[in-house]
Each structure stands twice: as structure tokens, then as C-alpha cells.
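The data below hold one chain only, encoded as C-alpha cells and taken in the form predicted on its own.
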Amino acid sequence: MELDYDLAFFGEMFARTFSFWWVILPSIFLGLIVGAIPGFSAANTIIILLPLTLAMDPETGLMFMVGLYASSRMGAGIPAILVNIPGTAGAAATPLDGYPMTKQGRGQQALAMSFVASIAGGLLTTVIALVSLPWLSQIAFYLHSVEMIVIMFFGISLIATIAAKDTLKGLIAGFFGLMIGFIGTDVVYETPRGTFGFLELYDKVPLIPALVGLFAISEAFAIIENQSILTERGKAAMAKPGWAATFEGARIAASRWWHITWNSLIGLVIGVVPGAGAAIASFVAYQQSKTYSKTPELYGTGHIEGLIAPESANNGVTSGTLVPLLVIGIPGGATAAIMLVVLQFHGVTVGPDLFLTSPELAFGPFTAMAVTYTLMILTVLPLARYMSNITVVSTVYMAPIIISFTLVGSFVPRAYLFDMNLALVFGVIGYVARKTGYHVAAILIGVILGPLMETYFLRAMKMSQGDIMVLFSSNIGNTLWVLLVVSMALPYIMDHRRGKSEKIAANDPYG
């Protein structure tokens, strides 16, 4: 696909998009609310509002949906940071370091960091996607089942990274999650596995009840034992209201601009692959961030880069999912699929011809996303100060509210009462895991990535007639295998070198 548009054209597109501020601003605030409620997402909200979007003209409808999509991605990180509840699977890696910061009384600072990383990552990747559509559109043709299997392994290897403190418990938690992820009918013969006769489990374990149960409900059970989720030091820090923490958080995040850049690019590339999603991007980004960090031991304790990495990556995904939709007519995710429905309702045919016949519709979603992130700098960042005040609420009130909201969130996606009971079961599992030293994040990684990896693996096996060597038949795949081995080995090499340096320093009589 050859595109020949000058800067004047893009300038006009951005000016035209800003004129839709009256549509984008309400979609931003609606998206923040939707993203912050576990179980709700941009996709099911747009479905609820589908009659409204269909009544709009195609351009206005796209502006509304894109604004809602981008802001909901950011909104999912708010409860993940403040109360350890990821709003969506894409924010599942955010509480690993975001929530410890909140417990230390740095919730306002953590939110500011998250907002800056999200806005910068989303804005950067949107601009890159806008100017490199012809090349990005080819990624989906080069990343097939084999390559996706290796990318899955990058995410799953985070289990081993989490297991570094207690290898046996970490691996047990990860494999337990993988076992749960394989519940349901298999993708080849549709044979039920581990469903215990429940028809509701035939379509695999629903993700939202598992997500909110392991993180939110188990956390509610845990915090009720104390009067506050804050430590004593955290209470003292929260007793000093003001804007200083917001500005400091924004400054710290901006100083990590390189970290935001390369993690958001991970999200962009993964987002271009249809079906990959923000969950994979956030786990891969977190794993890569920790692997190449000079202070990996700080991850999980409230480390700045541990918060920035997943937030910049999952917002990098948003623009990536629009690339296959508009260029080749294949939606990259659920929200993109609904956008396709709206466009088709209005008689718009997506694909390469759209850029020639209706460039305002082809480029509109990207300029709308860029404008959305730009407006969020002024509208969302100041909210960090006020949102963080939720952490001072007593757990006597906080725990029942968390459980009530998350149970409703578990019910929403499929409208099954079974899913509310399932969330409580996962809540008990998560609570027991916390009390016995097993990491709930390792369990969740298995639940999310296990079924996806199985699907890609069986697809590769079917195409190769059962030849396992197909996993090493691709040049790109082989390069990714090498990078995976390097990523797994590097922490041990760095630990070894660090140990030798400390030993030399200890034996140095002049040290």
C-alpha cells in the first residue's frame, strides 16, 4: 500500500479532529469510569451504546469510540494502583509495583507516573502508527503461530522472574494457573477438560472472574484484617495534601522517557498482531524491563520502572490494534471489531482502498487517538491528587465496597450468576495463596496466557502435520528464541557478575 500525503494534509486532519472536542471530552471521562470498574471494558460499553454510535455519522462515531477506547485503557490502571484491582487483563501487571507504592503513601505519585507513561506511550505509538502504516501493516503477515508461541513464552517467563525469591512456590503457582487456563473444551476436538460438569466452563475459565477474584476479592479479604491499606509511614505521607506529589510523579516518569519509548513500542508491535492484546504486551514489557534493569531486586516493592513498563506498553497496544482493522480489514481486538460493525453499517469498506477514497475515515481514528491523549494531559493528570484520597478510607468500608463492585463486574461480561460464584472461589484461592507465600500474579499469568499459547501451538502443529521442528522453522522465530534465551540467562549472569564485584570490593584492603 503506497501512501502519498504531505504534512499539510496531516495538519488539516489534526485541526479537523480537534473540532470534535465536544465528542472526545465526554468519551474520555466515560472511558476512565468504565476502565476503572472491573468487568467493564470499552468493548461492552460501546456495545451498550451501539444505538448511539450508529445514529452518529461514521466520523463522529469513530471519534467517540476511539476516545472511549484510549481512556478506558488508562482507567484500568487506576484501581490496579490504588486498591490492587486491575480493571482489565491489560492492567494485570500494573499492581505488581503500583500497589506497593500506594501502601507506602505514594498513591498520588504513582497515579501521576501511570498517567504520564500511558499518555506518552499512547501518543508516541499513535504518531508512529500514523506515519508508518504501510510497514506496520506487514507485521501481521510475518508474525504467525510459531512467532506468537515464542512471544507467549516471553510473558510466561515472567513466572520464573517472579519465582526468583522462592523458586518452588513461584513455579507451583505458575503451573497451577496454567492448569486452570486449560479448563474447558480443547480447541481441536471440543472435548471437555476439567469442567466438573459445569456447562459455564466449556468456553474456558472466564477471565474477568479469575482476574477480580485473584486480585480484588482476595485483597479485600486480606485488608479487612487491618484498619487501613496504608502502612504507618504511608499514613504520614498521605497526611500532607497538595500538588507536589503529582508534579514529582510526572517529573519522574518524564525522566524515564527512554523506558517509556521502548516499552510502548513493544505494545505497538504486539498490538498489530490480531488477537494478541494488551495482557500479553504488559507482561512481556514488565518481564523485559526487569530483565534488563540494573536493580531487578527492587521490582515488586514499588519500583518506578516496574509501574511505567506495563502502563506504557498496554497503551501502546491501542493504536496497534487499529492498524490491521483499517489496512487489511481484520480487527485487532474486540473494540476494533465493534468499530468494524459501525463502519459496515454506514456502508464503509475498510482496507487499502479506504485510504484513497475516504482518507478522513482511514486516518481519522489515529488522529482522534492522538488528540485524545493530548487532551488527557490537561483533563486526567490533575485528577491524581483527588483519586489517591480513596486510600485513606477505612477498610471497614473499603472491603465490602470492593467485593460488591467486583462481583457486579464479574457478572457483566456473560450475565451468569455462576461467574459471581466463580469470582468468590478465586478470591478464596487468592487469599490462601497470599497467606502461604504464593504469588497471585504468577497464577494469573498462567490463566491468561496458557489457553492462548495452546491455541497457537496446536495451530502450528496442525499446519506442520505434527512436526515439532516447525517451532524452529522461521528466521524471525529463531531470532526470538535466541532473545528469549538471552532474557532468561541475563539475570543470572548479572547476579554472578554483581556477586563477583561485591566479593572483590569486600577483599579490597583499600576499599
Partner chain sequence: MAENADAQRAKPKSIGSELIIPVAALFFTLYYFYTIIDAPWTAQVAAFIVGSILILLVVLILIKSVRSLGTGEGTLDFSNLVKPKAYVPKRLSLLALTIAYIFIVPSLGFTITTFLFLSLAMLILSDWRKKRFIISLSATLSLGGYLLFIVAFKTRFPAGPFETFMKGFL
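Residue numbers count along the first chain shown, from 1. Heads up, when I say rigid core I mean the largest set of C-alphas that superpose within 1.5 Å between the two forms. The shown structure was predicted, so the numbers you read here are calculated from the model rather than taken from an experiment.
Just so it is clear, the following notes concern the form predicted in complex with the partner chain, a form of the same protein that is not shown.
The single contact residue among Val408, Val269, Ala362, Val342, judged by any heavy atom lying within 4.5 Å of the partner chain in the predicted bound form, is Val408.
Scanning Val371, Ile180, Met101, Ala210 against the partner chain in the predicted bound form with a 4.5 Å heavy atom cut-off leaves one residue, Ile180. Checking 279-287, 294-302, 414-422, 108-116 against the partner chain in the predicted bound form, the stretch whose residues place heavy atoms within 4.5 Å of it is 414-422.
The putative spot formed by Thr195, Glu225 and Lys435 is fully lined by the partner chain in the predicted bound form; each residue has a non-hydrogen atom within 4.5 angstroms of it. The partner chain in the predicted bound form is approached by Glu454, whose closest heavy atom lies within 4.5 angstroms of it. Interface residue remark: Leu168 is counted as part of the site for the partner chain in the predicted bound form, having a heavy atom within 4.5 Å. In the predicted bound form, at least one heavy atom of Thr395 sits within 4.5 Å of a heavy atom of the partner chain. None of the heavy atoms of Trp262 is located within 4.5 Å of the partner chain in the predicted bound form. Residues of 282-316 placing a heavy atom within 4.5 Å of the partner chain in the predicted bound form: none. Comparing the forms between the shown form and the other one on their rigid core, the Cα displacement of Pro95 stays under 2 Å. Shown in the overlay between the shown form and the other one, fitted on the rigid core, is a CA shift at Tyr456 of 2 Å or greater. Fitting the two forms on the rigid core leaves the C-alpha of Leu32 displaced by under 2 angstroms between the shown form and the other one.
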